[in-house]
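Single chain ahead, by itself, as structure tokens, in the form predicted alone.
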């Protein structure tokens, strides 16, 4: 860490919902800033107006930027500077920063470090094809690099609209110390002159991205490894402008359980989808914090503790695997911490909340939440158990439960019904002891058929809690149904 105050940023484009990859990027930058007592900046990179309009049209007019901000706040990743918050380095939307970019373009052109390029896409493709055929890596051949002022003026007068290219030195090396990957070296002569302003006047991504980082005094940038090839270009731009580049760190790729790059097309969940499904933000954050980053403590941690343990040096270089099974494990840990009232509130606020409130008697909501807490991961699981426990008649038993009921036999359930009609049925413990004596069964041979009869499942909440929830009358109805199944 340097003595300079740490300033990190997350700079999404509002062209789609946040997914685990870019949320992890936001999280790592937020943790790095929090660890140092620094500033986490949100900057919206919205210069591609066409893509943004297409995105919002596809989302039924929904504001993608608002969705990004909502997702970040839900995860607890509040920014200290950015849209809606302000700060000394605004504006924080690139669409509002055109004057900054024009000034930097002017400086580069006056210094001879940028020049207009009139090459058409077709001409550029022909040049690339010829280079590939000759066994060379494609790069701009410098067609417009030596145009005279007169030639430029004539082409402009003829209505041609040029892009603006950055003039890369032919010799030298671009070197930097990557926070994750260590020392990096790129030969400048292999980069080729690149476009920093398109022919339509819009800035190229890596130009405005680099300029904004420098002007906003960003000190550290953690981003995906797909941006590694942009970094030497950005360093060259900032050196030419006399601006300070941040320290860069490039994060490993996220892959799915099969080792394939994580993608929406293959069903990778978005943050909005995780929230809608009922995942708790602390579970999502703890899962993402460990994707490619090692913590000494594997427990569920809050953001402050995660920040204290965060260190770019602990970020690996190998692809990190996003596995829903691990996310569900974190979810169970998070649910285990909730008091019964908070657990029920989480259930009822979910998409299935109305169905749950309709099914679970108002007087038993907290008892139900406590009973099922160890058997649920998402609100949909809670609805499953609400239907199992409170529907009358009960849903049909699953195949394994039917088999357990039939294996116990008619005599078992006749004895259970007789005992349930005595004072021994007041509590499950006394009922279990009395039934064990009556039929000579104990352990699994006693409890499995009882569970199957009362819930239609062979696993689930503690039987003592189920007994209290459904009551003796409900128990008798279900035992009678199990007896009927045995005799049918």
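Keep in mind the model is a prediction, meaning the values are calculated, not measured. Residue numbers count along the first chain shown, from 1.
FYI, the form predicted together with a small molecule isn't displayed, but the following is about it.
Chemist: Check for me whether the small molecule, as it appears in the predicted bound form, comes within 4.5 angstroms of all of 104, 108 and 207 - heavy atoms only.
Modeler: The answer is no; none of 104, 108 and 207 reaches the small molecule.
Chemist: Just to confirm, residue 167 within 4.5 Å of the small molecule in the predicted bound form by heavy atoms?
Modeler: Heavy-atom contact with the small molecule at 4.5 Å: absent for residue 167.
Chemist: Quick check on residue 469: any heavy atom within 4.5 Å of the small molecule in the predicted bound form?
Modeler: Looking in the predicted bound form, residue contacts with the small molecule do not include residue 469, since no heavy atom lies within 4.5 Å.
Chemist: Any chance residue 475 has a heavy atom within 4.5 Å of the small molecule in the predicted bound form?
Modeler: No, no contact at 4.5 Å.
Chemist: Indicate whether the small molecule has at least one heavy atom within 4.5 Å of a heavy atom of residue 11 in the predicted bound form.
Modeler: So residue 11 counts as contacting the small molecule.
Chemist: Among the candidate residues 45, 70, 433, 462, which is the single one with a non-hydrogen atom no more than 4.5 Å from the small molecule in the predicted bound form?
Modeler: Only one listed residue qualifies here, and that residue is 45.
Chemist: Please identify the residue among 93, 373, 227, 155 with any heavy atom within 4.5 Å of the small molecule in the predicted bound form.
Modeler: After the contact test, the surviving option is 227.
Chemist: Within 4.5 Å, heavy atoms only, one stretch in 130-138, 410-418, 219-227, 81-89 touches the small molecule in the predicted bound form. Which?
Modeler: So the stretch in question is 219-227.
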